[in-house]
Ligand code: BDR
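Here we start with a single chain on its own, the form predicted on its own, put down as structure tokens.
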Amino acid sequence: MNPSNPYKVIFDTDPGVDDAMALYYALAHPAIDVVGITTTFGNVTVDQAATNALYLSAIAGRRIPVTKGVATPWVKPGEPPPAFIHGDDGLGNLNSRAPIDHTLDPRASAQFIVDMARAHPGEITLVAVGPLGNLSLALKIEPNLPRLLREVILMAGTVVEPGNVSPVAEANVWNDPHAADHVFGAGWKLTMVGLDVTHRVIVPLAMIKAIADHHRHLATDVLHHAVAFYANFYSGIYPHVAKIHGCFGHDVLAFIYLTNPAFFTCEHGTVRVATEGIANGQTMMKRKDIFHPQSGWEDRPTTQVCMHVDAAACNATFESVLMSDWLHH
């Protein structure tokens, strides 16, 4: 894909510090055209997610449709947002916010996804990095959605790597496991970028500071503030992250997969999600094509799952893209 014919992307997100990193990578990359931002609960409430998406895009000088989506999980009780990871406001507790005049698109996020997919059949890539309620609801509105979208890339789940909200569950899937199982079974071209790779890519805070010092722009100052809060959290619980003083890349890897899939090694298999009990939110991948007496694995589509990653290449690409001349003053 070249900059003259960029990927049209809807970014489904719950910003969130790593969501902000991902958004700015997408806005900065010449081969990505962000045609909409759909928001969900997760790292913050859905109201805060929508506020943050509007703010982050506005201060970067972009007018992109932003919609508000699902506020709670389908079935399980909602959880309070993890303010200790992302801050009460999702962006590391900003001291102040510049005034902006951007307002929300009135459509619900799921309806926006369906409208855009119908208007641009086969052209839209959906990159989702939060709980998957908006995608699941969009599937209910438009059962043909898997044929209308170009592809779907999820920052979600884990196969081998331990979970980050339980010994087996990744946060986005755990937040709404019923929606996630629905999405994994929908039959679209689907790639899962989960903890198996995101826990291998540590973004140094020093890199984000260098980007902010280079641009001297409100958007990168906000990013630096947010990542500093996030890096302090991760450095407090992982000694190997503390040595670098940084944070996991998480959400940005979904976009790096889109632009640089050669950095990743993938496997293909059926993915199911546990929806109750102590394994709630676990993503289980059928990795061997052998007979299993347990039902529930038949007639399900396969998912491409990222299992290994070139971490150094990801960081170098992230830095070079954000160092480019992408900000609008």
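Throughout, we count residues from 1 along the sequence that is shown. Everything quoted here is computed from the prediction, not taken from an experiment.
The next section is about a form of this same protein that is not shown, the form predicted together with the ligand.
Site annotation in the predicted bound form: the residue of Ala180, Val197, Val129, Leu223 reaching within 4.5 Å of the ligand with a heavy atom is Val129.
Contact with the ligand in the predicted bound form, defined as a heavy atom within 4.5 Å, holds for exactly one of Val203, Met155, Leu149, Ile113, namely Met155. Proximity of Ala117 to the ligand in the predicted bound form falls outside the 4.5 Å heavy atom cutoff.
Proximity of Asp176 to the ligand in the predicted bound form: non-hydrogen atoms within 4.5 Å are absent; the residue sits far from the partner. Interface membership of Leu139, defined by any non-hydrogen atom within 4.5 Å of the ligand in the predicted bound form, is ruled out. In the predicted bound form, Ala171 approaches the ligand with a heavy atom inside 4.5 Å. Contact with the ligand in the predicted bound form, defined as any heavy atom within 4.5 Å, is confined among 205 to 213, 92 to 100, 139 to 147, 243 to 251 to 243 to 251. Taking a 4.5 Å heavy atom cutoff to the ligand in the predicted bound form, the one contacting residue in 73 to 106 is His86.
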